[in-house]
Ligand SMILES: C[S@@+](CC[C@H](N)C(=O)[O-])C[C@H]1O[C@@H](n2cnc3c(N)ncnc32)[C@H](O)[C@@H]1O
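Take a look at this one chain, the form predicted alone, written out in structure tokens.
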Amino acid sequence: MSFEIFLMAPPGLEPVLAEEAAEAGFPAPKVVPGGVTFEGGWPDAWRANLVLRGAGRVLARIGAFRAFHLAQLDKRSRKFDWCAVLRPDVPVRVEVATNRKSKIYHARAAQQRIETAITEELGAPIAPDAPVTIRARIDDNLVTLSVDTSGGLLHKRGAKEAVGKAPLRETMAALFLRQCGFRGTEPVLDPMCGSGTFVIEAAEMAAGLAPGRARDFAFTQLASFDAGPWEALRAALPAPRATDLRFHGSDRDAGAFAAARANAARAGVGDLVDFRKAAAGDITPPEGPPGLVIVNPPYGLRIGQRKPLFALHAALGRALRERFGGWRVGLVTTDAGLAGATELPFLPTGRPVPHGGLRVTLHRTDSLP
């Protein structure tokens, strides 16, 4: 059985995820708004959850039909082959999105029709905290049904417990690392590391560790799940790669890098990382070859907070320009003025990316002189 598989990505980072999917061997990934699609079967959806670092969710598009009014939606939902996907003993929840091009515009009423079809035709209970979610999108009177094969968002790798005040999701960190040209073959340093997201993600990439190796997925609760091939897929993962590289984080908050150390140990990369207390302006390059400095500094969005950040960014930029020749830099910020305060030779930027209600931009350099 082949169907469309949708990989969710932050708007603006879809091409980066498509590149990762292509490198991972998924066939002909196509960039679409909000993600990437490709044609595949259930084992492809399982593997995407297991190995892709940048995908936020993996949705399986399980069917579509036209519906111009609620009675038609009810009738066609009842005829849908739910038993091919869902189990009658596993609770389900339904989410519906509609648009103005559709004659069915009341999402809650549409949701109720689909829920009733599932309970009366299949027998599966409906629950708000169900492990399986059916997502229906009604666009130009076309009802597209998808099942969320991931469950919890995929940035939840299963290892991180301690997080900072404004954590960057691991999926977004992985895509920013990739945008900076990182492929696991050079050291990485984050001079404001917080809970260690960039550093730990880079170390996992260098070690060849699958991001989904330590968590569960919703697809194991579907009728289409087969434990044998899934276990074979997990068993076929390559062994962790040995590497001499080290990945470095520093922060002026001792509590932050203590939490980062604990997160790294849970992720299985504690021996590849080094965290220490240091102000951003006091950083020095570690021994060994140059690599990538990547940082997500404070944004200073509250009144009175922005002005001190210019001095912080200026001190960081001065340290990088004076001491980090041969290194590349990636800086994530909401404020181009703060990026400019570093006086670093940034390349032209791409689209801003939504992050926690804000829009952030990755500023990148080539190797510093």
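Residue numbers here begin at 1 and follow the sequence given. Only a predicted model underlies this, so the values are computations on that prediction, with no experimental measurement involved.
The form predicted in complex with the named molecule exists for this protein as well; it is not shown, and the discussion that follows is about that form.
In the model of the complex, the one of S77, T171, T149, T197 near the named molecule [non-hydrogen atom within 4.5 angstroms]:
Looking at S77, T171, T149, T197 one by one, just T197 meets the 4.5 Å heavy-atom criterion.
Within 4.5 Å, heavy atoms only, which of L344, A319, L312, I62 is in contact with the named molecule in the model of the complex?
For this set of options, the contacting one is L312.
R213: touches the named molecule in the model of the complex, heavy atom cutoff 4.5 angstroms
Although the named molecule is absent here, R213 would stay clear of it in the model of the complex, with no heavy atoms inside 4.5 Å.
Given that the named molecule is not shown alongside this chain, does R252 nevertheless sit within 4.5 Å of it in the model of the complex, heavy atom to heavy atom?
So R252 counts as contacting the named molecule.
Answer with yes or no whether A127 is in contact with the named molecule in the model of the complex, where contact means some heavy atom within 4.5 Å.
Residue-level check for A127: no, no contact with the named molecule.
Should A279 be counted as a contact of the named molecule in the model of the complex, where contact means heavy atoms within 4.5 Å?
Yes, contact at 4.5 Å.
Please name which of the stretches 230-238, 290-298, 135-143, 267-275 has residues with heavy atoms lying within 4.5 Å of the named molecule in the model of the complex.
Within 4.5 Å of the partner lies stretch 290-298.
Within 4.5 Å of the named molecule in the model of the complex, which residues of 1-29 have a heavy atom? Give them in sequence order, or say none.
Residues within 4.5 Å: none in this stretch.
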